[in-house]
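What follows is a single chain, given as structure tokens, in the form predicted alone.
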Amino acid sequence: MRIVTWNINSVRKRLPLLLQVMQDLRPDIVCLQEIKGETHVFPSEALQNAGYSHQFVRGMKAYNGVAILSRVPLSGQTATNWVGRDDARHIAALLPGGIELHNFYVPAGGDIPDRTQNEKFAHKLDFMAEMAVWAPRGKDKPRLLVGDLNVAPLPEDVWSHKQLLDVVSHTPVEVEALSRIQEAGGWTDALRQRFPIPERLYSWWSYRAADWAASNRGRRLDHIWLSAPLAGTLRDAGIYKKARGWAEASDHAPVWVDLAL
């Protein structure tokens, strides 16, 4: 089974790119973040025609939003409102065999890495703290956690560890928060299992760069984690960097795994 996660940064604007990703990677399941639209305007028919007839969508007007699109049957749709906000940042489904799939869009956190000065950063830290409390529940079950977690945890996950230590997404407090979630749930980082340190991995490149590919100042913000019962099923993984170079691209590239399920 091939699973793709992608912060698409508006599914209606980038529907042709999504269809191209589906054609190129042939995933069984696609998890999207930042779909930026209410559920009733999601392009369901076009995606059904592409073979993804099983769809769980949780949208909201203009911001956030997550979706799970599948060639295989889905059941048990659930969603959690983290930090008491109904802001469409999580959706979950049961895959065949009782495998839980959790699709997250963690808040970006604004620009100032200080919770007393920046409410967005405080929200991000509170959101991740709740995830750490949730993570151990069912940790012995087959579970996947995917999505834009908005943290690049390792020095090799950013273009410059030294220069980004005080930049939101790579600060020590965020890295520690993400580590608590990973440890609490017993999650395996699929990309790092496939590409161990010291290989550098990036899934996001800023729109601000005049030539994103030449500067290659990336960060690995997008993740796929496997619970202990699934860790041994990993067969391959990658980042589809090609998609970042398309016209009108998202600033994130799709991340994928192949699992022997």
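No experiment lies behind these values; they were computed from the predicted model shown. In this text, residue numbers run from 1 along the sequence as written.
The protein also exists as the form predicted together with the DNA; that form is not presented, and the subsequent description refers to it.
Looking at the partner-bound form in the model of the complex, is I112 within 4.5 Å of the DNA by any heavy atom?
-> Residue-level check for I112: no, no contact with the DNA.
Mark A108 yes when one of its heavy atoms lies within 4.5 Å of a heavy atom of the DNA in the model of the complex, and no otherwise.
-> Yes, A108 lies within 4.5 Å of the DNA in the model of the complex.
Is R208 close to the DNA in the model of the complex, meaning a heavy atom pair under 4.5 Å apart or at it?
-> R208 belongs to the contact set for the DNA.
Is there a non-hydrogen atom of Q20 within 4.5 angstroms of a non-hydrogen atom of the DNA in the model of the complex?
-> No.
For the spot marked by Q55, K139 and K141, is every residue within 4.5 Å of the DNA in the model of the complex through some heavy atom?
-> Judged in the model of the complex, none of Q55, K139 and K141 sits within 4.5 Å of the DNA.
Going by heavy atoms within 4.5 Å, which of 23-31, 229-237, 43-51, 200-208 lines up against the DNA in the model of the complex?
-> Of the options given, it is 200-208.
Mind listing which residues of 8-44 have a heavy atom within 4.5 Å of the DNA in the model of the complex?
-> Residues within 4.5 Å: N9, S10, R12, K13, R14, E34, K36.
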